[in-house]
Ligand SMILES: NC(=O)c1ccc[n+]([C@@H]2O[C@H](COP(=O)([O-])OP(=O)(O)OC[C@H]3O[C@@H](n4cnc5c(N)ncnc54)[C@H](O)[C@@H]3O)[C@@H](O)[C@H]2O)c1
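There is one chain below, alone, in structure tokens, taken in the form predicted alone.
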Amino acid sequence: MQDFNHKTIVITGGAGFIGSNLAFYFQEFFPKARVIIFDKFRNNQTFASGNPTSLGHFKNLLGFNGEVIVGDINSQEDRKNLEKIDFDIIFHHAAISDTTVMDQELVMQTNHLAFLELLQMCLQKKAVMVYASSAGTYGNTPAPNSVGIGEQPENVYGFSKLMMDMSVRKILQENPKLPIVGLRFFNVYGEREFYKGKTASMILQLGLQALEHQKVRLFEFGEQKRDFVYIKDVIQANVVAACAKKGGIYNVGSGVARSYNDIVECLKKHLGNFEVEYIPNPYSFFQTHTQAHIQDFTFDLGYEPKYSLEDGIESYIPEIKKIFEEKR
């Protein structure tokens, strides 16, 4: 692990879920690092789904002592504010991550083209680029999911992330030692995800349902499996990626597929018994099984997830209870 003290670190999307957790990680463990958050923050605008056009929220940054730049990665003027900074590392988490957004032009502009602009900036500065890709690149292809295999996204969000990865692959073919690392996040859950709203993890949503109604609803019959990965393991993944001596694209998950029924059993241990109602699944494209192949990430960079589903939920329970109490 390198010493990030005295490094200048930029986090795009830093007021969002993963970005804000990264900011507090560096603030706690590397207090002499210069940490700069670049985020659009939310306004009154929403997508057709009703979800906000930005997931950045100031409350995710309460207690943050670093610098904050308000900016949109699609704006050339706003990107110039980043260009003025002599940064060492950029963690790129700004994106349209709402998979229900159907505006293909906007998603591709925001997720792919703006990323290419930031990537060129990094290359000119000889800075490290760690960026958020997604398990959405795999679509509904069979698990376990391996980088380079079965990359058939089902929506424009997954396609935009795959285009990011394809662009990086071309660059790394010419110079594999460039420090550009893409991280394909699977189902991330944990603290500071509340302001994702309807796009927050099922772990948070089911926990709040159980507390409020003593009942949760699952698609029949709760045996769909996902690779759920706790936020603290995701932060570890970002940190080890920033230490890479060469570029690459890696899966970030627990490496284990668990069912929604497993989540229910974990929650019952901490919240008491509650009812489960199984309802028909109206979505033909709903994934039945995702699982990250993480051996390459472990071998190349030493990524080792420390939290099982049981451990992650146990760690998360106080936050879930706090959110419920504050909502009442």
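Remember, it's a predicted structure, so these values are computed and weren't measured experimentally. Counting begins at 1, following the sequence as shown.
Below, we refer to the form predicted together with the named molecule, which is not included among the displayed structures.
By the criterion of a heavy atom within 4.5 Å, F186 is counted among the residues contacting the named molecule in the model of the complex. Residue contact with the named molecule in the model of the complex: A15 places a heavy atom within 4.5 Å of it.
Taking the partner from elsewhere, R258 is found to have every heavy atom lying beyond 4.5 Å of the named molecule in the model of the complex. Contact annotation: T290 falls outside 4.5 Å of the named molecule in the model of the complex, judged by heavy atom distances. Just one listed stretch, out of 212-220, 142-150, 172-180, 126-134, contacts the named molecule in the model of the complex at the 4.5 Å heavy atom level, and that stretch is 126-134.
None of Q224, Q236, Q205, T110 but one reaches within 4.5 angstroms of the named molecule in the model of the complex through a heavy atom, and that residue is T110. The partner is absent here; in the model of the complex, the one residue of E154, D72, E117, D103 having a heavy atom within 4.5 Å of the named molecule is D72. For a residue to qualify, one of its non-hydrogen atoms must sit within 4.5 Å of the named molecule in the model of the complex; none of K232, I263 and I313 qualifies. Taking the named molecule as it sits in the model of the complex, the stretch 159-178 comes within 4.5 angstroms of it through a non-hydrogen atom at just one residue, K161.
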